[in-house]
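Just one chain is shown here, as structure tokens, and it is the form predicted on its own.
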């Protein structure tokens, strides 16, 4: 019986295992050094915030794996012997495979800062990070202040986590405005205000110089590079992005760049070895996407796609239209298609923001053909199938605005802003776009708040 071995029990590896099992009776083993069972990594913040227990982050009961004949093994892979189809564990044990799937995910970036390995310094990616945070920041008596280094999605999640326990937070962001390499200026400023409104000490345009230690090897303060200011703290969160977790294979015959190099079929340069998820790097980017996609849903899609290939139906990875979602404190964010930080030469933009500074949309379209290119939404929930269809059928900005209420799926009693959004667009662009009757009926049938 062919033995499929998967290194990593995140969304990519587990999805691959589940779909291989659906399609075949192959022997499957998942290896992980982090936890015995798969858990939802994106839910770690809610465990710390008291919204759920860790066991609630595990989608499958413990009996699921045995019932589906998926073996789980806790071990740390030290090296891969590609010539003999074997893994070598840190314990010295060998483990054979017929086909190998590398799904080891990401690790937090470290840039050689003095003190980066002190007690109380951590990322927020693994279960062990959550355990460390509970140890060093259980409350605001134990942790007088935390400093977060890096202004991405993980950084703002960690700020919200600590804020939920009333722990003062200083947030060091290298950029001049939060996440402005991804978000256009208006949106970045919107999130700056949201961070400050939540009493987070946001420091823009600064870098970490070093982390200082107390006599016991614990983090005690940080130094800001630009000013020399010292900030006392008990916890330092390193959230300056992530990189593929592939150190254990860099000396092997497997081709690597920043990640494990793969083709469109997720195959490496070594026969019968594949890579999926955050650790996989496409030789050539797919469309406008990056070569490495550290996103939950693309990891799941890679697992589903590779299962087909493993089971005799070679299938190319085709992720479709870009979308993503996140949460900036109390503001939910969604993106469909492409809205770059700065528009390209052929692009036109439309931005609307509510008077409460908690809701906004930003639409990108071709200024010559008027084809819709993408939308960012803040505080307004939009339907993925609507925009997926719009992008596939290359609809116009006019069509999107005419049907904008159809895309909205905010709960009842939420105010709908489509009429004022369209009115602003018409005024700025000298157009006469109107909501379709169907959309008006939806607005009038919904109870509006004050």
Partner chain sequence: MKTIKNIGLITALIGFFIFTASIFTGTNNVTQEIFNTWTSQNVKSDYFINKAQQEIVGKELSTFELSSKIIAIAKESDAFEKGQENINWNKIIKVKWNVTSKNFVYPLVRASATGWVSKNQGLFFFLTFGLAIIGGVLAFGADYKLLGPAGIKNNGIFQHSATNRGYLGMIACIYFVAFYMLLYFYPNYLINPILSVNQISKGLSGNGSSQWFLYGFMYCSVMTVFAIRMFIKYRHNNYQLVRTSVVLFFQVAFAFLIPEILVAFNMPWFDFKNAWPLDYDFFFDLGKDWSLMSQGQVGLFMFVWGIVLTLVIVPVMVYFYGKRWYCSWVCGCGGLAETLGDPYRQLSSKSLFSWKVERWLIHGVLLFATLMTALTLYIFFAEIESWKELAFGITAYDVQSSYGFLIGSIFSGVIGTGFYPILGNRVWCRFGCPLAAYMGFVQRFKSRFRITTNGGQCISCGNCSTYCEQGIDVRAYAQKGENIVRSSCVGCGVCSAVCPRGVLKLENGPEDGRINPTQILLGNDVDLMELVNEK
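Positions refer to the first chain, counted from 1. If you're wondering where the values come from, they're calculated on a predicted model, not measured in any experiment.
Another form exists, predicted together with the partner chain; not displayed. Remarks below refer to it.
- 198 is the sole member of 207, 354, 198, 282 with a non-hydrogen atom within 4.5 Å of the partner chain in the predicted bound form.
- Though the partner chain is absent from this view, in the predicted bound form it lies within 4.5 Å of a heavy atom of just one residue from 290, 250, 327, 367, which is 327.
- Exactly one of the stretches 255-263, 305-313, 109-117, 367-375 approaches the partner chain in the predicted bound form with heavy atoms within 4.5 Å, and it is 305-313.
- The closest heavy atom approach of residue 434 to the partner chain in the predicted bound form falls outside 4.5 Å.
- In the predicted bound form, residue 61 approaches the partner chain with a heavy atom inside 4.5 Å.
- Although the partner is absent here, residue 382 lies within 4.5 Å of the partner chain in the predicted bound form, judged by heavy atoms.
- Contact check for residue 164: a heavy atom falls within 4.5 Å of the partner chain in the predicted bound form.
- Residues 296, 297, 300, 301, 304, 305, 308 are the ones in 285-312 with at least one heavy atom within 4.5 Å of the partner chain in the predicted bound form, listed in sequence order.
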